[in-house]
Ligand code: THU
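Next up: just one chain, as structure tokens, the form predicted alone.
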């Protein structure tokens, strides 16, 4: 059994490596932080197909093993406020997770983290029975996995990066070397998750309104930015410009996509000044993903945000 102050990870009829246990721990911690549920805790049980098959048969009338089961400690409006903070149990079949990881071509650590996130969201009241609920849960799930995936062991068995700090050098190195329209579509959730992560670094003692941005370059590098306020107000810098200025200062001047997110329940759009600054370096057709605090988003383009922009082409000699 692997114990942390917040919760326990138990193994039943299987053996798990430290990397696998830490992947589960990282996933639980990410969900609690993102859902603002620190102080709550689950019990995670890593087990085999036979055990989870029996639970399916006894509690769900499903006569087969599945990958994950969640048993919330409470239901309804009081889900987030049981007296002792216990959320419930999550049971994961490691053999099923291993088969799924092999089929999908990623590491077992990544699959265990994915199943843990899925189970945790169920404990916190998410569901996927109705289409709207499913869309909400899947969007949250994608954003959380994109946030923690860089810290999970890859398929070749490299060690899990325990306690790894995400640095500026890391963010520059992430991503493929060639960016296509398809690869941008596939990475929407990753960009939004990183924008939400960048939001945590915001310096906002005056407004309290945190914003994060993730800018993807044509070379495949990622630059993160947050808003940085100033007592004189006018020198305040927005998250989008922070990311852009970081990129340009490192020699990057061609950009493929931008994601921006805040603490608001509403979608977050770049301000007028940011739109003008972005238009200096970014094409009008560049995708911009405008997200809310839950990771839901709408997609537009820079040209859609700033039609008839004043650009360097208008500075004719």
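Positions refer to the first chain, counted from 1. The shown structure was predicted, so the numbers you read here are calculated from the model rather than taken from an experiment.
A second form of this protein, the form predicted together with this ligand, is not displayed here; the remarks below concern that form.
- Listed stretches are 98-106, 134-142, 239-247, 215-223; the contact stretch with this ligand in the predicted bound form is 239-247, by a heavy atom cutoff of 4.5 Å.
- This ligand is not drawn, but in the predicted bound form it has a heavy atom within 4.5 Å of residue 211.
- Mapping the unseen interface onto this chain, residue 277 falls outside it, with no heavy atom inside 4.5 Å of this ligand in the predicted bound form.
- Contact annotation for residue 37: none of its heavy atoms lies within 4.5 Å of this ligand in the predicted bound form.
- Residue contact with this ligand in the predicted bound form: residue 74 places no heavy atom within 4.5 Å of it.
- Proximity to this ligand in the predicted bound form, defined as a heavy atom within 4.5 Å, singles out one entry of 68, 271, 43, 284, which is 271.
- Residues of 205-233 placing a heavy atom within 4.5 Å of this ligand in the predicted bound form, in sequence order: 207, 209, 211, 227, 229.
- Cα of residue 259 to Cα of residue 107: at least 3 Å shorter in the predicted bound form than in the shown structure.
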